[in-house]
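Next up: just one chain, as structure tokens, the form predicted alone.
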Amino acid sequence: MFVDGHLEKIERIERQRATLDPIADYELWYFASLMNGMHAMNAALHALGATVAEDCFAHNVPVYVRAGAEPGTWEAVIRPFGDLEHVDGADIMAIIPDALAPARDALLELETVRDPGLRGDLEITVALASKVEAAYGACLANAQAVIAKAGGDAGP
């Protein structure tokens, strides 16, 4: 995706996220938070030129999917980093510039509660929701500041 596509998705998902109850709708609310955080990180990485912005979608990085030669077809390709799905892993951590360390750390914080909160027995509490909200806010704020400083290059 391109910077502007990520930013549009953030706006659209945030409108829906805002209608959810962080406790009663925790799974949807959490995934919206994590997904928007990754959109913000990807937009900032693209704006800095640290990753490639194009019409190619992450499948299982470094495998991406792009439109095939025939309408309605798709092809898998191995390519340089474009959109990321997660920020953990040495190869991915190595490409995240220091300017995005707060967003990276916030996303890592969100990841620490993913499996226990969705697949485990972590109690869904106001404290947990507050922790997620704080990490989410920190991620978006840092990524938005980096995009603004980089000039918000949106691609074609």
Partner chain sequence: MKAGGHRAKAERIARSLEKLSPEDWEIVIDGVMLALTHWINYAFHSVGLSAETDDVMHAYFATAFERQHWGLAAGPEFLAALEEIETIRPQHVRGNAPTGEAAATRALAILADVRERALAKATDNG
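Residue numbers count along the first chain shown, from 1. If you're wondering where the values come from, they're calculated on a predicted model, not measured in any experiment.
One more form of this protein exists, namely the form predicted in complex with the partner chain; it is left out here, but the text below deals with it.
> Considering the partner chain in the model of the complex, which of Gly49, Gly120, Gly89, Gly68 comes within 4.5 Å of it through any heavy atom?
For this set of options, the contacting one is Gly120.
> Among the candidate residues Ala99, Ile95, Ala129, Ala58, which is the single one with a non-hydrogen atom no more than 4.5 Å from the partner chain in the model of the complex?
If I apply the 4.5 Å criterion carefully, the residue I get is Ala58.
> Taking any heavy atom pair closer than or equal to 4.5 Å as contact, tell me whether Leu108 reaches the partner chain in the model of the complex.
Result no; Leu108 lies far from the partner chain in the model of the complex.
> With a cut-off of 4.5 Å between heavy atoms, is Ala138 one of the residues that contacts the partner chain in the model of the complex?
It does not: once the partner chain is placed as it appears in the model of the complex, Ala138 has no heavy atom within 4.5 Å of it.
> Can Leu20 be called a contact residue for the partner chain in the model of the complex at 4.5 Å between heavy atoms?
Output for Leu20 is yes: heavy atoms within 4.5 Å of the partner chain.
> Check Ile13 for me: does it contact the partner chain in the model of the complex (non-hydrogen atoms, 4.5 angstroms)?
Yes, Ile13 lies within 4.5 Å of the partner chain in the model of the complex.
> Under the 4.5 Å heavy atom criterion, name the residues of 1-36 that approach the partner chain in the model of the complex, in sequence order.
Stretch hits, in order: Met1, Gly5, Lys9, Arg12, Ile13, Gln16, Thr19, Leu20, Asp21, Ile23, Ala24, Asp25, Tyr26, Glu27, Leu28, Phe31, Ala32, Met35.
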